[in-house]
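Next up: a single chain in structure tokens, the form predicted on its own.
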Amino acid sequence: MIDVATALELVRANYPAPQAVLLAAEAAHGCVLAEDVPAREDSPRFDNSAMDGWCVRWDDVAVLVDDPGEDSAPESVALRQVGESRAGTPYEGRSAADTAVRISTGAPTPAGYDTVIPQEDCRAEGEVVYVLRVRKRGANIRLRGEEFTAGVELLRRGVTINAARIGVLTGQGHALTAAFRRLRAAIIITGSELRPHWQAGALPPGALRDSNGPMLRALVTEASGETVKQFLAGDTMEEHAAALDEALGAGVDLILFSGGVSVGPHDLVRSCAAAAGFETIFWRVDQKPGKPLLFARRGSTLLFGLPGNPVSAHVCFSVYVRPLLLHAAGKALPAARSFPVLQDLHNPGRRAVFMRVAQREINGLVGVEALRQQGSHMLSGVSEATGIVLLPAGARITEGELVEVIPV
């Protein structure tokens, strides 16, 4: 049996290197950009209107601007409407004095016209437009390249591709983008007592609904992985081997077993993995929960045997598997932070304990306190947790003392 620090070192030594692949921009949502992306075009690509209204020549309407040293400005200026510029259909006529072009938001501003008057500041009567108010030359026109110009760095390597960045990429014609690929995972939940969580009706005596499968699938997604296969396998070598063979046939990068990794007569994962050619890197860690954790490798395929207890599975995933998936996806693991504890903590046992804690604020002090439900079967406690604190064997932490909290 090895300690937690050694187990973490062995997992890190087997991290797969982030691998860049070309993805459709829409499919890259949540992935990390693998290279800098330059702008291909100016943005905006052309001068265009920010308002619905009329495009005019400032010299024709400047008289509406009050000048304290002159007589009062006229109430309006009459202009002749000579055409329309619509989004996708620009006006191509020539400019002329005392004319206006009707214009829609986003439409190109015609050559020779330099100001857009909002329609609420005008009154149209047939082919005549009466301009009632003006502000300044160039008002309501978005200038070509005012957001950015072609050739500038648009997005930087290492940023996560979110919805807005997909819009930026596709708006510049980047239909494909280089991103670090998600690891492809298979999840194999073992136990003849388990039934699919969606199965209707009363369960037979001794049966349980599978909660680890949906939970682990969600955890893989949250850690920027992709689950491509998921199985329930009964407690026979044949069912274990069939699920493992199908997972390997799908070319997955990571296999997550849950259950079947301890020392009971139905704990078959280690022997099944060995028969399939996996080499054990470690089995059993001096920790609670999750002592019978298994880590193995066959070529580039990694395998974790997580305990079957849901809390143990969640904690082992959070501590060992999640960082691996994030690393492969080009993402940094959220940094552990130090908080004061809001009550004394004690680990009287001989194994290190991963204690689930929740962040609280008491009398203005932000700290963490241990959740009441610490049993390895009490998943509701994990659902309230904001982090995990590793307490070494025999550790005593007094109220107010700082502890390092691993975010979950």
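Predicted model, so just to flag it, every value in this text is computed and none were measured. All residue numbers refer to positions in the sequence shown, first residue = 1.
Separately, the form predicted in complex with a small molecule exists; it is not shown, and the next lines address it.
Visitor: Are R45, D52 and S85 jointly within 4.5 Å of the small molecule in the predicted bound form, each by at least one heavy atom?
Guide: Not a single residue of the candidate spot has a heavy atom within 4.5 Å of the small molecule in the predicted bound form.
Visitor: Report whether the minimum heavy atom distance between G260 and the small molecule in the predicted bound form is within 4.5 Å.
Guide: Yes, G260 sits close enough to the small molecule in the predicted bound form that at least one of its heavy atoms falls within 4.5 Å.
Visitor: Within a 4.5 Å heavy atom cut-off, is S211 in contact with the small molecule in the predicted bound form?
Guide: The answer is yes: S211 has a heavy atom within 4.5 Å of the small molecule.
Visitor: Does at least one non-hydrogen atom of D267 fall within 4.5 angstroms of the small molecule in the predicted bound form?
Guide: Contact with the small molecule, yes.
Visitor: Can T190 be called a contact residue for the small molecule in the predicted bound form at 4.5 Å between heavy atoms?
Guide: So T190 counts as contacting the small molecule.
Visitor: Sort through 244-252, 279-287, 161-169, 301-309 and report the only stretch with a non-hydrogen atom within 4.5 Å of the small molecule in the predicted bound form.
Guide: Result of the contact check: 301-309.
Visitor: Only one of V131, L326, L194, A139 comes within 4.5 Å of the small molecule in the predicted bound form by heavy atoms, so just point that one out.
Guide: So the residue touching the small molecule in the predicted bound form, by this definition, is L194.
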